[in-house]
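The chain below stands alone and is given in structure tokens; this is the form predicted alone.
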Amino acid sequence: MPEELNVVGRSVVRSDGVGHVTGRTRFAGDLVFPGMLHLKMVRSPLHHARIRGVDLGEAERVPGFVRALTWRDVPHNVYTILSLIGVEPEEEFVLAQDRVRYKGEPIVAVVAESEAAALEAVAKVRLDLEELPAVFDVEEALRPDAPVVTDWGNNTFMFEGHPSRRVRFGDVEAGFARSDHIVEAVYNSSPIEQAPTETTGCVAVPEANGRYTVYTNTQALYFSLDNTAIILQVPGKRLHFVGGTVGGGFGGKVDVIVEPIATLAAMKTGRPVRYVFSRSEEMQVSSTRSAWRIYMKDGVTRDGHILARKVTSYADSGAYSRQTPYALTKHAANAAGPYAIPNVSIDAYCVYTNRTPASAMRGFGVTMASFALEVQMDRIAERVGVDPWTIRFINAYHNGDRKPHRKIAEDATLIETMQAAAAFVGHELTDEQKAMTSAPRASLEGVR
């Protein structure tokens, strides 16, 4: 017999809880090693510019300056965060090469004996930049005359040859034609910073056996190790990543940003190197949740059944794609919501602008889809003249329903969840709603 569950429904003491509340937990930024150097970054003051020159003369004369790293020092300077799962093309530079594409993009890494010396040297690096036109709005970025952010001539990520992630299910125009009401709206969100208590950072330490130990607060330890190995063109066995204690992440520490350049600096100097974001850097250049613009159009019968849903979404990935193409796939799979809609059309665009690159944050892609479609459900309820609970009960998935991306709903439980939620908040459901279940139905058309 399997052992009975002994965790669900019980209070369990966190293994790291005592260390956190007593201040004894050691985070990546707390670590100190003999001879440790400090790395700080020279960043672009412009949103879009051509790099015409970099003058390190004054910086090199700062007491405590050790060395600087430019793109020429990085073995594989162009990459994409998702290269490990086959998402291409490689497009983001570890250190900017010919152009900067967002304000704060790293250009030169300065390594010094102290943090103060590194900051002073950074301030004395002279950049020769030719400012270029920039674009900050997703729809403006798609215009033919928009400044081009990418190297391939258009400002969208390409999905199997298409400029958007597409879902087609049924005949959406025919669904609109049969509808009694058309409900349209646009939903916008701004970039959202995760704001972790501990800023992004790591310490890279050379070991006597030729390996490099990297103490990092990444959320994706082996993901970071493998990408660092690719960027530095070294076997993965030469890298030993130590993590596990993350002072807040929420998706914002899944990108491989600090580890490659800190490890490279340790290789070049033979000494431990600390690279930790300041709070201003965390707010300016760490990946945010994407800004989204979502257009929704629904065709609805007079009794509230949704016959057709058309969604056009634009995710602002910023200057590089990072996790946004993956978020778009999740978004497109969920933009119709947990509702049985027989005709669906979805186009989700990953758009490049001259903003800070966006990436993961708690349910990225799905969260903004849920926000838009659930507000849309309330709009539909108001238009039809039913309460918001009813509009969801009559359109909810049942087990066996086919989703727009061709997956069969299993263990849907939306109806049962709404029943439990109604009981919890004291909302009185109708007898019909109380009797409903997510059991399979013969066909979707049978209830239309």
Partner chain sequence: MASVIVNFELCGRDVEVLVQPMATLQSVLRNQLGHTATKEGCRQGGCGSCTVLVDGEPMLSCLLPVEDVAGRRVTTLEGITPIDGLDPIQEAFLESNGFQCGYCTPGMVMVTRALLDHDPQPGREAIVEAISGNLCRCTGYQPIIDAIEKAADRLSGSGEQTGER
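Residue numbers count along the first chain shown, from 1. Being a predicted model, the structure only gives us computed values, none of them experimental. For clarity, a rigid core is taken as the largest C-alpha set superposing within 1.5 Å between two forms.
From this point on, the text means the form predicted together with the partner chain, which you will not see here.
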{"item": "Listed range touching the partner chain, judged in the model of the complex by heavy atoms within 4.5 Å, from 322 to 330, 294 to 302, 187 to 195, 78 to 86", "value": "187 to 195"}
{"item": "4.5 angstroms heavy atom contact with the partner chain in the model of the complex for residue 199", "value": "yes"}
{"item": "In the model of the complex, residue 58 touching the partner chain (heavy atom, 4.5 Å)", "value": "no"}
{"item": "Proximity of residue 29 to the partner chain in the model of the complex, heavy atoms at 4.5 Å", "value": "yes"}
{"item": "Residue contact check: residue 126 to the partner chain in the model of the complex, 4.5 Å heavy atom", "value": "no"}
{"item": "Listed residue that, although the partner chain is not shown, lies within 4.5 Å of it in the model of the complex (heavy atoms), from 246, 225, 141, 285", "value": "246"}
{"item": "Heavy atom within 4.5 Å of the partner chain in the model of the complex - residue from 72, 162, 279, 237", "value": "279"}
{"item": "Those residues of 397 to 418 which, in the model of the complex, come within 4.5 Å of the partner chain by heavy atom", "value": "none"}
{"item": "Exceeds or equals 2 Å, Cα of residue 427 between this form and the one not shown, core fit", "value": "no"}
